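Laid out below as structure tokens are two forms of one and the same protein chain, each shown alone and named structure 1 and structure 2.
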Structure 1
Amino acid sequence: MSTTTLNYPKPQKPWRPKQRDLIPTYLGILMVLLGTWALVEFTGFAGKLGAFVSVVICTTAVSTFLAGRSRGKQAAKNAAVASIITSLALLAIFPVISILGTVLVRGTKGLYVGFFTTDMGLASVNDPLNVGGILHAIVGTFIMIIIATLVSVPLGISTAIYLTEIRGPGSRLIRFLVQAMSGVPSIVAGLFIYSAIISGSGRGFNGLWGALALAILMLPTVARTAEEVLLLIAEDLREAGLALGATQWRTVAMVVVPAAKSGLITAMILGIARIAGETAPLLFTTGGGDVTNLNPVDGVMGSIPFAIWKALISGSAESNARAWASILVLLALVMILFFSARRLGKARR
């Protein structure tokens, strides 16, 4: 049997624009560059934001014109809106880049090894940068986070279990209140602890009160995230547990919660990330000491946000550098928490 070689046509990609069709696009990009240059040169727009605005104006104009020329008025409108929406979306992430960049550049200047191993007990705010550190603040922040977690996680998770497992009376009201609570300004939480516990009682500032104020802020975050996580658990699992003759409590404790474990840990981490940088409530409750204090129920306790606040208020160049270095540490902490929460969240799905 002889094999006849068939002359297959070469695979084509008709949807790919040809070089000739791309000419208007190249011209358009050129026009944008020229227009931007002209705008920056001849009008008042200056700086990065000014340049950005000029690029947006030119891109919008050029893409509108090109779309209008080839496909009519509706297409022109569509292209204009697409360009505006894209640039506004870019504008929304501008600050993140700027913030991360600024903190990295300015924060690293104040860092040295002793920054993590000494406190400000013997150093004044105007001392050079190689004296003193934020050990007291790091220790205080960790102690307060642990206490706040111990208080708010059981309450938050039981709220979530009530809303998803028991679905008892008042579920809608409680869900509504948790939502409302998540909008309570952080300063109000601090004022509340101050008015309920400290004011007029002779009790002084300490870390425990600060942790309680933080727990108020952490509770809604934990409750809402945990509720979402528990809702994702398949109903079959619950029914299987009940069909095996388990009581509801055994089903929840041995089937539902273990199945949702990583999600519940995510809820906890998100709650911690929410409170790690809170400043306002601590100003009313902790007193913000400069010496490392391991006892949350006795004496003032420092924390990273409070240390930043103090350095910021005192205003000298050294303390400013210290504030940036402290905020770099705080930001690193928050980002570690954030990314581990995301990783856990991804692993679940």
Structure 2
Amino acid sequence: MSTTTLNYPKPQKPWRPKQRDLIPTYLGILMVLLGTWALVEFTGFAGKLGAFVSVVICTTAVSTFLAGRSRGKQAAKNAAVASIITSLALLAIFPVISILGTVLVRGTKGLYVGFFTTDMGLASVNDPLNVGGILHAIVGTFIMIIIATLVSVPLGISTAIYLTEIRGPGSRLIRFLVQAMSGVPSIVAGLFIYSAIISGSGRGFNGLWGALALAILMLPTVARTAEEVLLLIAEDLREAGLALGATQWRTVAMVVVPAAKSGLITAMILGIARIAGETAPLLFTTGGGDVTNLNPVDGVMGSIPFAIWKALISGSAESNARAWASILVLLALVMILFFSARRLGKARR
């Protein structure tokens, strides 16, 4: 009895590009490289920006040509638009990447073991980098942020609740004023505290006045974000609380606010990130001390933004290194706050 052997075709993997499909891709990359080199070498497109513009021009031209030759006119238009949009997106994030890279490279040069554990009480910004630190600035920044948070978060959340739940008289006016406050320059808050409290009453500089100036800037961010969060709460929850016999304030306190808890925390973190790097209000209110001060109502108080400004205006190599190291610390603090806010926002969704 004879057997028949069946020769099955070898399985194909259509998701893998074939060798003949890769040839135009390699040629396109080669044409982009040669075109970029020619534009940089024989035209005025010099430097990083010139090289980027050259790459964009060559990539758009090559991708349009290859797509039009292989798939027609409509594919050429689609490739041109896609290349331009991708290039603009890269151009938008280029400044962010450049800033982060510059701060990281320059900031690490000024870091050393005692940078976070000593202050500038017995040193100046022009001393060698192994002397002094920013302990006073870190402590002052955290104290003022805590005070500003304690002042602005209850006011901001209460304002948001009034605008979304109570909707009483003056809601439009309050909403307009909150939006207007969000556009006020930060130096105006410092000048207001200086003229109303420090200059008007003869009181000296301290951390409390700086915290009040920061609270003015933090309040509209918290109020607007909290309002948007409360508007996302379903009306069914409010109606269910009222149907069970609860009063309006008990429904808000026991149902609405707990449902929006993570969003309200996100509003608080965004408000803190808003004021963490403010310098102008602190120039008129805190005095910028160089010694660690734990009492916000007695004596001048340092902060990270003030330390950066003081080091930069000195102009020496050591002071510039201290300034960049302080900028790195401040940037790390702000990024941690923003990432925390995004994580809380994702947890709520």
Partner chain sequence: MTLAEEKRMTAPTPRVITTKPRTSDKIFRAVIFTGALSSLVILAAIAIFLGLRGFEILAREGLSFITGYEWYSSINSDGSAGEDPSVYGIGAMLIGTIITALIAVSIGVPISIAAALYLNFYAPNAIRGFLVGVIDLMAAFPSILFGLWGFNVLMPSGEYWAKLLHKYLGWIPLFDVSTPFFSRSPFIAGLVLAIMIIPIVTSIAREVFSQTPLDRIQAAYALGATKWTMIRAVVLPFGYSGVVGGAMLGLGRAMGETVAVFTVLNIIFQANFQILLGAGGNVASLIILKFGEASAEEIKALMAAGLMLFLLTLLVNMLADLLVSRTVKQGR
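The shown structure was predicted, so the numbers you read here are calculated from the model rather than taken from an experiment. All residue numbers here refer to structure 1's sequence, counted from 1. Under this definition, the rigid core comprises the largest set of C-alpha atoms superposing within 1.5 Å between the forms.
Undergrad: Two forms of the same chain appear here; which of them is the form predicted in complex with the partner chain?
TA: Answer to the question: structure 1 is the form predicted in complex with the partner chain, whereas structure 2 comes from elsewhere.
Undergrad: Can a Cα shift of no less than 2 Å be assigned to residue 72 between structure 1 and structure 2, given superposition on the rigid core?
TA: Yes, the C-alpha position differs by at least 2 Å between structure 1 and structure 2.
Undergrad: Taking 2 Å as the cut-off, check whether the CA of residue 293 shifts that much or more between structure 1 and structure 2 after a rigid core fit.
TA: Where the cores coincide, residue 293 shows only a C-alpha shift between structure 1 and structure 2 that is less than 2 Å.
Undergrad: Which angle, in whole degrees, describes how far the smaller rigid part rotates between structure 1 and structure 2?
TA: Rigid-body rotation of the smaller part between structure 1 and structure 2: 16 degrees.
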